[in-house]
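The form predicted alone is given below as one chain in structure tokens.
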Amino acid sequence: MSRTLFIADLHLCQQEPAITAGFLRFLQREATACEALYILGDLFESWIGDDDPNPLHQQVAEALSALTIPVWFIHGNRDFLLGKKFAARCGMQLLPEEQLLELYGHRVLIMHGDTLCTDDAGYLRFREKVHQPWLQRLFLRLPLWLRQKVAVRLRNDSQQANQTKSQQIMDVNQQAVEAVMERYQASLLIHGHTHRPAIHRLTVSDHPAERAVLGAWHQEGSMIQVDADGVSLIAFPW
């Protein structure tokens, strides 16, 4: 089928088996009827290293590797440490944090979306720190139990910080959106992160453009379909 699918923000974890089951059904049904699948980050609720023996990871890797279509992955803010070894087990290719695609006559820019939230200065400072290669190498050398403890502490701190932030601060900045789309001369931007599914119409460099935002999978599935007719945001039950 001449369509390409995009998903993000599943936040898979052992505590939410229904979401995992819904994702596996999605791979068996929707992902077998498309040309390619792009996962735009936060596939997992957290990631502390490819050596984590979590059985959920093996279950997901087996399901993804069974697909016969290309699968591409952009890191999110929860699973930015997902590495080449696990990607190889899944049969998926890692992409940079911003990637321009040419699809069915559309110039499509894809990303996770957290870098567009430029009003959230505190988060961006934290992001800059944890994305330093030396710090990531150091963290991944820690014992697994200690990495788990650090991850829980960071997640709790993040949740507390978000409680004091306005919804506007945690959304994308319109100027940042227009700037990145102009830089890539993209007519369509697809991202996740904000958990605010919608298709927004805007003007970039005096040309009509669209920004398609994926929803999180907390209550239902969310995917974006791009084909020759354009872009569609689709919600579906797990």
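All residue numbers refer to positions in the sequence shown, first residue = 1. Bear in mind the structure is a predicted one, so any value in this text is a computation, not a measurement.
There is another form of this protein, the form predicted in complex with a small molecule, and it is not shown here; the text below is about that form.
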Legend entry - Position in contact with the small molecule when the complex is considered in the predicted bound form, options Gln136, Thr118, Gln93, Gln99, heavy atoms within 4.5 Å: Gln136
Legend entry - Heavy atom within 4.5 Å of the small molecule in the predicted bound form - residue from Ala87, Leu109, Val71, Leu81: Leu81
Inset, instruction - Would you point out which of 61-69, 47-55, 22-30, 177-185 contains residues with a non-hydrogen atom within 4.5 Å of the small molecule in the predicted bound form? - result: 47-55
Legend entry - Check all three, Phe126, Ala151 and Arg155, heavy atom within 4.5 Å of the small molecule in the predicted bound form: yes
Legend entry - in the predicted bound form, Val130 touching the small molecule (heavy atom, 4.5 Å): yes
